[in-house]
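The form predicted alone is given below as one chain in structure tokens.
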Amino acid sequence: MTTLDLPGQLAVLPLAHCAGGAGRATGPYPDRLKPILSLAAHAEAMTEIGEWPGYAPTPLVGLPGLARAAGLGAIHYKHEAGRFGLGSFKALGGAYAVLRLLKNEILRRTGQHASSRELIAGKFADIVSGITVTCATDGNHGRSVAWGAQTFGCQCVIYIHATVSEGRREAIARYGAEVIRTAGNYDDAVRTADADAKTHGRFIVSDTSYPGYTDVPRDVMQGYSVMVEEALQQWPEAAPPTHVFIQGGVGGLAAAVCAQMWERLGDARGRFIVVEPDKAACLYASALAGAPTAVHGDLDTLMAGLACGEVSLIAWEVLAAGTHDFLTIPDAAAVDTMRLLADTPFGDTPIAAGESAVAGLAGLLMACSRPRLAADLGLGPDSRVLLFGSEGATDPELYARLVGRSAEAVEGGAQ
């Protein structure tokens, strides 16, 4: 590996690695996982989401300068900041699950199959306006659910936990949702939202699954598959990615990426590596234990979108089968990587990326700076790495404070 002149402390910050077990298996995408995520269900999601106002593929940005500096063949970063004006990939998941829920409720009540276009046009407003959707969120998922509710005409109540920033609260409220702040961490907010939904007759649209609740989280993840398919269609290299580094959280994003690439590419899907904050590493803990395992505490990571202590059960089924490696990184690594993408010391296109968006890249760069780990992960001059930049500067004030200038200044070329 080429010695990488990393910014800040990336070369010396602590990095934990756990090799996956079943993820090393070869062969086609297992039939037993297709009821969770599949190309057949993806086709329906693609058809519906493609009809939404403002739909357009987000860019896949090449980072050739950084790839050369890291001793890699290529790095490509799927930049989700422009997704439907919501600032993150979550726009695909929560809103799609809201749509699916409303369509199913209309079918149950009327026997009619509604479409996105009909709901947007208000055809079933008499039914939809009386439905309330709800969820807990670290920010981006709740924004997507609120936007979906506003777009398709239903009511919305969103729960945020104690450490969610005021900027993220305001961004959710902007789409007409009632926003309720709770004590405790994200998982506490999930439980409060669930209890209140039972009391008030609301429909939960959660991005995490638990016993007895799997259908909606599956729809959320299937919505994410649109982003993955876009990236594969945009992939500019002659051969497919050799590595995917992806953020953790409850596992929904990672599972969607893993499943779509596995079923689409089979044995050519490349090495799949999940990266989490060391303060909220439930997937890493689950990999160590060989079963879904919760981590406890306040989960006070700066990477707010990944501040999750309990894994999504159906996501774990996919990840336990398909993940090759799990990494954990500290918050400081995310900040250094945000600055690296903004400052572009290797001559690449400047990118304004949020705290949670950069976890995959931070894990990649930290691995590249450790020769033994890089060798274990198969990273080298022939490596072609795909990253999913899951959010832009969704909290503009925090972004400016961490990076030293606004997202507009970064991507607009200002100093």
Ligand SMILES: Cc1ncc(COP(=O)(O)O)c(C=O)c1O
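The structure presented is a predicted model; accordingly, all values stated were derived computationally and were not measured. From 1 onward, residues are counted along the sequence shown.
Quick note: we don't show the form predicted in complex with the ligand, though the next part is all about it.
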## Note on the structure
Heavy atom within 4.5 Å of the ligand in the predicted bound form, from candidates 224, 77, 326, 245, belongs to 224
### Query
the ligand isn't shown here, but in the predicted bound form which of 148, 252, 277, 93 has a heavy atom within 4.5 Å of it?
252
### Query
Of these, 289 to 297, 336 to 344, 135 to 143, 197 to 205, which stretch puts a heavy atom within 4.5 angstroms of the ligand in the predicted bound form?
135 to 143
### Query
Would residue 305 count as a contact of the ligand in the predicted bound form, using a 4.5 angstroms cut-off between non-hydrogen atoms?
yes
### Query
Who in 378 to 393 is close to the ligand in the predicted bound form, meaning a heavy atom within 4.5 Å?
390, 391
